[in-house]
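Presented as structure tokens, the chain that follows is alone, the form predicted alone.
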Amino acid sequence: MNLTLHLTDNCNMDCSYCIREKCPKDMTEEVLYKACDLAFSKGPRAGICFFGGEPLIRKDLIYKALDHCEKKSEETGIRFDCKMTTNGTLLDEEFIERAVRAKMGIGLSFDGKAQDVCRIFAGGNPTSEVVEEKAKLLLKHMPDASALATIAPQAVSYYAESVEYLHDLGFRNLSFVIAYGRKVNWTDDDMVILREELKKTCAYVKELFIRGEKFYIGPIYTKISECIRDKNTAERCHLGLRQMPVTPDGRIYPCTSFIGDEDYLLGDVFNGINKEKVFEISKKESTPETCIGCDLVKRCTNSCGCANRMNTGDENKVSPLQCTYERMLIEECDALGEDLYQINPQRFAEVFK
């Protein structure tokens, strides 16, 4: 079973596009251990993702969880996997060395050259210099660590430049998404710039491909890969039931955007998951009615109820922004995929298999 543990609702940063409400509410050790035990209760593997707020505010809980889960894995023979998403500001050598021993996957939230536009410390100070140094430390010990960038409209002109910057810094796994939610406002002019930035990014990916470099950037590689494998994007996630968040008080929901909605409460770490509720939610139609019949219905993220709720307030309604962006992204990725195939069909097949 895969669970995302929201260790704290507190954060030391104040990102302009973040929709989570910050408060000094932390997970107790009792909830932590119950959640870890629940992850081991079903399936051949137990997966834990440490999340927040900023999870490294509670490093002590992460250490306790790792010790507990590693011991439980030895006792049960059930495989234990873990990962974490962090803003990176509190990373240090001691923690990274412990994470390496646990084979933890770390995703560093880092917007590259756009970092100081939106991602600032609580109080207003910039974060780019601190996070760059922490990124270098992380890559020194974990060269496969990922950089996770969120591009807001006020920083859209930094998109392609940020891809190159993060690559030059040493990251070989990048994920770029655009900012959604009530705190952002994309205009038609912003979307024009976004299209040009995507074109420049695809040109850079083409350059790296020609040089034979191993490099992954989502969602560009994902769009190409799923197209050639004829894989439906909707199959990746259905209301997030494959990675359920656990709140600091132990409640369990299907996905982050549903936290606090009692209609989607799946249970808690003390009493377990309500199977009837899970079944009820799983029966919901994954494709919004407005998307049925669209020629791209199997290739875009219309089925992500979490994103839909964040954008429109309704898990079954896709926002015009998301629709426009997905069409734009698919068009640019298809053109890139065709170019890369023509350049080297064999390597293309190896990269996007």
Partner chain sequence: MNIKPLKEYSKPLYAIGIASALTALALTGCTDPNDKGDKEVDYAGGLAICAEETSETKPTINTLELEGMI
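Positions refer to the first chain, counted from 1. Every value quoted in this text rests on a predicted model; they were computed, and no experiment measured them.
Absent from the display: the form predicted in complex with its partner chain. The rest refers to it.
J.: To test your reading of this chain, name the stretch in 93 to 101, 183 to 191, 73 to 81, 200 to 208 whose heavy atoms come within 4.5 Å of its partner chain in the predicted bound form.
T.: Only one stretch qualifies here: 183 to 191.
J.: Can all three of 275, 293 and 319 be found with a heavy atom no more than 4.5 Å from its partner chain in the predicted bound form?
T.: All of them do, each having a heavy atom within 4.5 Å of the partner.
J.: Closest heavy atom of residue 231 to its partner chain in the predicted bound form, within 4.5 Å or not?
T.: Yes, residue 231 is a contact residue.
J.: Test of understanding: in the predicted bound form, would residue 4 fall inside 4.5 Å of its partner chain by heavy atoms?
T.: Contact with its partner chain, yes.
J.: Closest heavy atom of residue 299 to its partner chain in the predicted bound form, within 4.5 Å or not?
T.: Answer yes; at least one heavy atom of residue 299 falls within 4.5 Å of its partner chain in the predicted bound form.
J.: Does its partner chain get within 4.5 angstroms of any non-hydrogen atom of residue 268 in the predicted bound form?
T.: No.
J.: Identify, from the list 152, 148, 135, 160, the residue with a heavy atom within 4.5 Å of its partner chain in the predicted bound form.
T.: Spelling it out, the residue with a heavy atom inside the cut-off is 148.
J.: Counting non-hydrogen atoms within 4.5 angstroms of its partner chain in the predicted bound form, say which of 327, 68, 34, 59 makes the cut.
T.: Partner contact (heavy atom, 4.5 Å) among the options: 327.
J.: What residues, if any, in 34 to 52 have a non-hydrogen atom within 4.5 angstroms of its partner chain in the predicted bound form?
T.: The stretch 34 to 52, when checked against its partner chain in the predicted bound form, contributes 42, 43, 44, 49, 51 at the 4.5 Å heavy-atom cut-off.
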